[in-house]
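Starting off, we have a lone chain in the form predicted on its own, written out as structure tokens.
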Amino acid sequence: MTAVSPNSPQHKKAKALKPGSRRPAKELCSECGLCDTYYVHYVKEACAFINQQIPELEEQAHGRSRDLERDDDLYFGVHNTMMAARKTQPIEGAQWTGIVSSIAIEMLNRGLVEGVVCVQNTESDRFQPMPVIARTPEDILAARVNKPTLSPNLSVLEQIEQSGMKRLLVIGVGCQIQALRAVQAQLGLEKLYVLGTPCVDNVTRAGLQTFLDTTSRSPETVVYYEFMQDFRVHFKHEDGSTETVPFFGLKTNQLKNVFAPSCMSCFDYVNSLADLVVGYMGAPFGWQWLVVRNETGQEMLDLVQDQLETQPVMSQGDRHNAVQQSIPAYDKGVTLPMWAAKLMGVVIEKIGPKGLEYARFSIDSHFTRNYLYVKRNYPNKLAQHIPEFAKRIVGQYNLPK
């Protein structure tokens, strides 16, 4: 997108719009927050579900787009390095060991940024996201732990411009970051840092409750949860206990429609436009997966390097058969009896894909599912909306009609 001065007539026209009055992506809106600001003026160019432009924005953010002939680029996007890491002294109450929070705090404390866009929760609901511009370490720590619901992170964009901030860190997921990159030139910043997390299968708050009610033994005490590399959903409860449920025991027939349409039509699982990505999907169990995409991402990682234990990424197993079998199982809403699901989980944990191969398994499973979703529900968007890298990944498998 061409840079537009904050004082230009076009930008003034944008400011005159009533925030939240339009949702041009309609039911595919991921509620990223852009349309809750006067930046809605740019939505038809910026929205990931109206104008898919990952290759162009990769060029803008990283200096090149991904090389589709290199497997790691094809799957994980432009990157300089990948590693597995964990903090030697974890942050208490963090979902993992607190790498994301630690980077944000260091950037703030060292004056590299004046604020950090992150997501706290409302006082009344631990799962209801509340985007903020954090200006203190305490504000950042109050945002630790993922919120597995659609979150309007970009709703604070107007506050950024009005505050006069010039150096900013934004923490977000793929759809938010694509829109952010598209309007980045309009923000009037001297420096933007982007710390991303991989993201898949978000839900509305009501959808989250359905998932908790059908999956956890004690929905009201769940603090956070994650789909993990051991093929189990891990729930953390208020009393500190952990509950695990095998993937294959999920009530798929009841959950097929719980995920947001935007997430069912997303192909940026790995947050390809962030400078640095911190997740878990490509790392051994108990470790985090770090993807440094450019020099800015390396600068961010260097701030906490001495706080981390690291190891090289690894890859083990073959995902293809498991993915191919999962396609019709999900399509038909198959749910195994719990004893069979637990048994299958144990077997697959021992012989199934690990490390980067697990990451590819997860990407393949979701891309094939999402490809079918778009093909069936939005056939007119199929050609333009699905990036070439996703088409190549999906093309490895036999899909039902």
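Note that the coordinates shown come from a computational prediction; the quantities given were computed from them, not determined experimentally. Numbering starts at 1 and follows the sequence shown.
Beyond the structure shown, there is the form predicted together with a small molecule, which is absent from this document and is the topic of what follows.
**Q** Would the small molecule in the model of the complex be within 4.5 angstroms of a non-hydrogen atom of every residue among 98, 118 and 147?
**A** All three within 4.5 Å in the model of the complex.
**Q** Given that the partner is absent here, state which listed stretch (244-252, 69-77, 148-156, 313-321) has heavy atoms within 4.5 Å of the small molecule in the model of the complex.
**A** This holds for exactly one stretch, 148-156.
**Q** Report yes if any heavy atom of residue 84 sits within 4.5 Å of a heavy atom of the small molecule in the model of the complex; otherwise report no.
**A** No, residue 84 is distant from the partner.
**Q** Answer for residue 176 alone: is it within 4.5 Å of the small molecule in the model of the complex, judged on heavy atom distances?
**A** Yes.
**Q** Does residue 326 reach the small molecule in the model of the complex if we count a contact as any heavy atom within 4.5 Å?
**A** No - in the model of the complex, heavy atoms of residue 326 and the small molecule never come within 4.5 Å of each other.
**Q** Determine whether any heavy atom of residue 280 comes within 4.5 Å of a heavy atom of the small molecule in the model of the complex, and answer yes or no.
**A** Residue 280 belongs to the contact set for the small molecule.
**Q** Taking the small molecule in the model of the complex as the reference, which of 171, 134, 113, 276 has a non-hydrogen atom within 4.5 Å?
**A** For this set of options, the contacting one is 171.
**Q** Pick from 192, 304, 200, 292: which residue has any heavy atom within 4.5 angstroms of the small molecule in the model of the complex?
**A** Exactly one residue meets the criterion: 200.
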